[in-house]
Each structure stands twice: as structure tokens, then as C-alpha cells.
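Okay, so here's just one chain, in C-alpha cells, the form predicted on its own.
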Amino acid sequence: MKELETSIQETPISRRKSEHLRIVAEMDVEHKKSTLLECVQLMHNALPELDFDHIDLSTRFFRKEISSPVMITSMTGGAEFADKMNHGLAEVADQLNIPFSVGSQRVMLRHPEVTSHFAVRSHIPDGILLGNIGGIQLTEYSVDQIAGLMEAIDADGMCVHLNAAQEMIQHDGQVTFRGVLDGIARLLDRLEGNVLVKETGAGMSPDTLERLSSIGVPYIDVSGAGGTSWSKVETYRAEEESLAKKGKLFSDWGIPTAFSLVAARKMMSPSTGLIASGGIRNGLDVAKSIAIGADVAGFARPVLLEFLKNGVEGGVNWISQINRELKTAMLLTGSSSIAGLKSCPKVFTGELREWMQPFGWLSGE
């Protein structure tokens, strides 16, 4: 894809981000591990007594009303195409009135001249716009510097992404992760709680969620295994044989999305906003995710691919189809609203039950 071949900022960070975009767009980077959402069965309602056109997808997120429980989540950033991507996907989000998070703003800390690549508020003037930074950067920069990234693009909040699995495969990746939890706590104070903590495709364990809950994180994106594997992405970039071998070994590392969601709803405060991402591919996946605890479902790579093929219109059409599929699942479960879908009857089967059983999270235990 020619759009991904150039970068106006010839720096190590921007070159790496350009490579990330190219690999994500062109290569097989999917987990072989399942999300386990196939182990969630929603109970069919043969007498729904609903009008499809009157089913309400609206909900609230980051204290704003959104038209459907769908979000365009963070992708990589810093290259020339990331400029077009951030601006274009912000337009998609604006047309659909759904949240959008820009790619990693780390490059802005060293090269503030690329701020315009992320400053997309004019494209999503009233909607939810989130900034994005790596958790490890919270140990390297002051909270004021990190907060400045959010303020520079007039965002509503800041995503903090956790990517230890990716860093362990990346050339010159971080190998020390001490202090990240404390950094998140300090950022929460500085930004008055406007922080979303997200994984990047390896999911979240009950222990991780308990620690995030202990510091009062108000928004969590579990980003579980089953979608894009960033260990696999880095394997394609690896020049050293030892890193390539390690990348292949850990390419399917992680906790499935469905279990991460169940765990998050069990471990976090009931008021915590939960985002399901990691292998969410259709409206039925969205419906199942909401039924087991999510408030919003996030998409990254599928929306990027549609945007690359068909621009803003392609992104809008693809998410509109997701919304139609979600409404179909809601009608077939007798759910007239997102609140109703959250309480619809469901059954856990197969491997997901095996993940849940040690924690006593099965019905009747």
C-alpha cells in the first residue's frame, strides 16, 4: 500500500511507526488464539415484541452521549500516513458520534513539530477524543509533560497503553517496567480521573485488574488475545534471529478477550467503564461483549483496513454494518436498549468455563 511507504519525519520512532502501520495493514498479524466469545451464547427470544427501527444503541461514555457502544481505538502513530489516518478516522467517528483515540503520542515528546498529526479536534468537534501514551513513558516523563500531550490536542482524556509483551520482542524495547502503576496513579490525580488504561492485545488478568482497581482507574480497555498480536508484528521487524525466534514463541501469548472482560467486571468497581477489544470483528461480538460486562466495544485494525481501501466512507459504512448486526442481536434477545442487553440471559460454554472455574465465577458457585 503506497500510502504507507513514506515518512516525513526521519527519526527512529517515526520509522518504527511507519513499519508498524505497513505490517499491520499487509501481513498476517492475527492471534491464532481465540477470543473465546464463541463460548458465550445469548439466549434467543422468539417473542421479542420489538421494532428493529426503534432499538436504541445510544449510551454514555466519558460523560458524553454516544450513538452506539462502539469505539475506534488507538493505533500506532508518528508517520506521515498516521497524520492522514488520525484525521480521517476522526471524521469517521464524528459522522457516527462514537469515540476515537489517536495513535501513540510518544513521538510528540521528542518532536513537537508533529503535533498537527494528532490535533484532530476540528474533525470531531463535539465527540469524544482521547490521547494516547505508553505506560512506560509515565516513568520517563513528568505528569505535566504527559498531561500536556492531551491538552495540546484538546482531548477529553488520555489512554495509557500497556505493551510489555510487545516491548520484549522489539529491538531496543523496554525491559524494565517498575513504577508504571505509580505513574498511572499520579496521572489520574493530574487529569482528575480522565484516564483510560488499555492493554494492546494480551488481555488483563484478575491480579492486574485488582491493582488497577486499587488506584481507582475509571476506564479499562481489556484488549485481549484473539485480535492483532503485537508480538507477531515485532517478529516481522526483528533483524536479530534470537528476537525473531522469541517473537514466534510468544506470538499467541495472552489472555482471551472474553475472560478478560468477565474478570474486569468481577474485579473492578461497578461504575468502571469497560471497553472490549482484541478480536472484536462483528456486531454479534459486540453484543456478546456487552452482555458479559463491556460498556463499549473497540475496533482498530479492521477499521484501518476499510479506511485504507475506501477512505472515510468505507470506515463509516463498515461501522454502520456493525451497528446493524448489533441491533439484530438485540432484537433476537429481546433487548430494546444497551441496558437491556447487559442483563439478557446468556450461557457460558467450553474453554471459557475452564478459565472461569478456578475463580468460582460460574453460575451457582
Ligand SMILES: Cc1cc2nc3c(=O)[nH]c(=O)nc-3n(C[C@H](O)[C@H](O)[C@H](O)COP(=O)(O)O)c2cc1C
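Being a predicted model, the structure only gives us computed values, none of them experimental. Note that residue numbering begins at 1 and tracks the sequence as displayed.
In what follows, reference is made to the form predicted together with the ligand, a form of this protein that is not presented.
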Within 4.5 Å of the ligand in the model of the complex, all of 282, 327 and 346 (non-hydrogen atom): no
Which of these stretches, 49-57, 328-336, 36-44, 297-305, has heavy atoms within 4.5 Å of the ligand in the model of the complex? 297-305
With the ligand left out of view, which of 184, 75, 146, 124 would have a heavy atom within 4.5 Å of it in the model of the complex? 75
Check residue 254 for me: does it contact the ligand in the model of the complex (non-hydrogen atoms, 4.5 angstroms)? no
Heavy atoms within 4.5 Å of the ligand in the model of the complex: does residue 341 have any? no
Just checking whether residue 198 would be counted as a contact of the ligand in the model of the complex - the rule being heavy atoms within 4.5 angstroms. yes
Contact with the ligand in the model of the complex for residue 24, defined as at least one heavy atom pair within 4.5 Å: yes or no? yes
Are there residues in 164-189 with a heavy atom within 4.5 Å of the ligand in the model of the complex, and which are they, in order? none
